[in-house]
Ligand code: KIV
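Encoded as structure tokens, the following chain is the form predicted alone, with no partner shown.
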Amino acid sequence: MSEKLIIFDTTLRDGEQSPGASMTKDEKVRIAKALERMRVDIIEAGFPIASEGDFESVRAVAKAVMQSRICALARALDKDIDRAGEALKEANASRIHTFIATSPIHMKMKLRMEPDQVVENAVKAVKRALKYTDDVEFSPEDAGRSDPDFLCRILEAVIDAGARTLNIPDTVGYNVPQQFGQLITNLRERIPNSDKAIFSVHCHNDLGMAVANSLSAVLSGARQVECTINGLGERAGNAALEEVVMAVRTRQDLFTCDTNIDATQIVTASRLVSGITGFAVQPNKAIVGVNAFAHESGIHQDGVLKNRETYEIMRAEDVGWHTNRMVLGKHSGRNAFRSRLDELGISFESETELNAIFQRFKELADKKHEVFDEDIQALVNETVISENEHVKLISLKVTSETGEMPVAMMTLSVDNEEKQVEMSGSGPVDAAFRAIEEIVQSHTELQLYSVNNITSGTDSQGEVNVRLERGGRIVSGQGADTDIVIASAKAYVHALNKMILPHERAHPQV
């Protein structure tokens, strides 16, 4: 029998550190429930000391998830660990993940500590975390650039203190696969009590090798991989969960372990995270890109028609791509709609929420003949609105004709007060954005504007992502509609509502 490879998902913590990828508490719970359906072993829900919002999000996830273990991140500081323990109090199964930097540059420039102090703080942190949970993970931050002798020393000490998972992070994505795999081998061989702990890895993608480094570590005996949906994460991102899972499962001739992941939930989770964060999945992305199982070449098409395995090493259905989907339309009833939501893993806490999304579905079905899974997911993302929504789009009328300056007539509700304005622009979208700014006066800078079709056809919904910046803070917003100008206005308003929310959040690596 294969050994178990533990999947530790940090989409809600490290993934959220991507500029503009901040999630609300409700959005984090939705993603956590999707990860639970996927049978992710451990969900790192956040960094409770960072802000009150992070604390409440971790607590909400801990309450909502029953099957996966919920983890909270904490620096090797008493206040961090106590806050993490408090946030996890109601979790069915919990873990505290504590860390301290161990590379010479981090110890000298960031911590301003001597090596002896670092070891002392690490041991103290592990022992304090054990007061709240019997499952403690320790990470020597920037292990990939740390002295191997010092790593052995500190890891031996934290195992003696009670840590049962040792995470070896390539924090800055500096390592290459052969080197990183050898590091894991050396640590396991040199640390006298290494058999008392599970070795884990957390790899960043700065040089494009996060997944390769993670898999090399697994081949060298690591039995936990820390990863994110779509590879979301700080800077160039993290190891992509879907790629790690399917690489191990597809190459069982090489790997002596496998995960418990329900891979049929991968595509659904990918779309959910993409929709909530506004980070689109590139078409040629492995496993979850729309072209991942597409064949254009005549030679490839001929081979696949004769035998799928000529050019496909996985089945699209195995990761959640459906070739036979029930297409809904304007004559579809409430039960058919609810059934489709269940199949997509979408649930609501109240009938009021279900009624709202069903009404939106009927409105969309009047605009386009067929409503696909992607349309439903976009509707859900748009309907689950923050309870702190200050700005709402009431109406938008745009006139645009050849040789004339487009004009947008906009009505917004700002804190329940309706305001109207008419503005011109270089194009209909520009006019709409100028109208919103004229009313709200947010003084933000538009950093990104992108448009994607959700499905094929001229009646497809357009999905718009915008990214706004103000004072160094970056937020993203999403909107979908069969009218691309309206979708653009929705996305801009969505981003503004995020910008208005208070945001005082510490960075885990500071």
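Only a predicted model underlies this, so the values are computations on that prediction, with no experimental measurement involved. All residue numbers refer to positions in the sequence shown, first residue = 1.
Another form, the form predicted together with this ligand, is not on view; read the next lines as being about it.
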If contact means any heavy atom within 4.5 Å, which of 165 to 173, 340 to 348, 415 to 423, 268 to 276 contacts this ligand in the predicted bound form?
-> 165 to 173
With the partner left out of view, is residue 141 within 4.5 angstroms of this ligand in the predicted bound form by any non-hydrogen atom?
-> yes
Heavy atoms within 4.5 Å of this ligand in the predicted bound form: does residue 494 have any?
-> no
Is residue 73 close enough to this ligand in the predicted bound form to count, meaning some heavy atom within 4.5 Å?
-> yes
Report whether the minimum heavy atom distance between residue 99 and this ligand in the predicted bound form is within 4.5 Å.
-> yes
Can you name the residues of 472 to 491 that have a heavy atom within 4.5 Å of this ligand in the predicted bound form?
-> none
